[in-house]
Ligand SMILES: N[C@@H](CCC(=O)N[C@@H](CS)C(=O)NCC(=O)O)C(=O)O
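Okay, so here's just one chain, in structure tokens, the form predicted alone.
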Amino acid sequence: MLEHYHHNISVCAQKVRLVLEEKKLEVVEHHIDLKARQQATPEYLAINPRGTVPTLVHDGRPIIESTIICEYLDDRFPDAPVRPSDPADRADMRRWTKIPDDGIHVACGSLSFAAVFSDQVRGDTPIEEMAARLKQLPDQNRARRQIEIMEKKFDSPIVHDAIRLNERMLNEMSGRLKDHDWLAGNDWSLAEACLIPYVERLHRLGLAPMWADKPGISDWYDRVCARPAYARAITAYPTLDAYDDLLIDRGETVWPDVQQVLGG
């Protein structure tokens, strides 16, 4: 039996859901309410000591880290493969799947927090009280980032770095996609599964103008979104807890801030 512990708008969980849907695998879902801190409960930490989502449990054995989960699923269920058969293409695929771990994942979180989640998490709580709460988080690097972003929003150097890192990723993608339909090999692969959630997050923030002048990305985005698995895993996936997906509502105000950082 496959069990997937995840959150509806977690970019890492979206990767895994895409692979599960592409392979048409049956899975028992367990939604983890991040705002309610369910990821920090003893029950969840027993299967994922890092307290992150997602976690895949297969026949009682937990597997963590989203890209590792995706490769495990391809090893264990090889039908509808999500990795190129050619070794060179597969190596290229792994280069793309490494981009989130090399900084884009943190950049996505920083940009999303500045745009939407800092206000949602804070509510009417004074910043000083929120800072005290954040200092209790196990990940103090994340706590420091969130405190600074909560105080400075788009004036924070952390957010500026996040925007520029996303710009660099999009430039790299355009370099490949201006002459190819897919990021690695001749078809959709794990490269798409690992990067589309981050591009989708930019799109939901109203930041599609970031790639308006970058050949290939818009067509690639449309091709990925047209796959039936995409709607089931991402766009049509329900919001299931207090983290309402307010990203689109913020789009009109986010782009001018980003444009200013990019010098537009």
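So that there is no doubt, residue numbering starts at 1 and follows the sequence shown. Keep in mind it's a predicted model, so treat the numbers as computed, not measured.
The same protein also exists as the form predicted in complex with the named molecule; that form is not shown, yet it is the one meant from here on.
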Within 4.5 Å of the named molecule in the model of the complex, heavy atom basis, the matching stretch of 228 to 236, 22 to 30, 46 to 54, 213 to 221 is 46 to 54
Looking at R76, H105, R90, R168, which is the one with a non-hydrogen atom within 4.5 Å of the named molecule in the model of the complex?
H105
Considering only heavy atoms, tell me if C12 and the named molecule come within 4.5 Å of each other in the model of the complex.
yes
Within a 4.5 Å heavy atom cut-off, is E151 in contact with the named molecule in the model of the complex?
no
Check R61 for me: does it contact the named molecule in the model of the complex (non-hydrogen atoms, 4.5 angstroms)?
no
4.5 Å heavy atom contact, L34 to the named molecule in the model of the complex:
yes
Checking a candidate spot here: are Q39, D101 and R142 all in contact with the named molecule in the model of the complex (at least one heavy atom each within 4.5 Å)?
yes
What are the residues of 143 to 174, in order along the chain, with a heavy atom within 4.5 Å of the named molecule in the model of the complex?
none
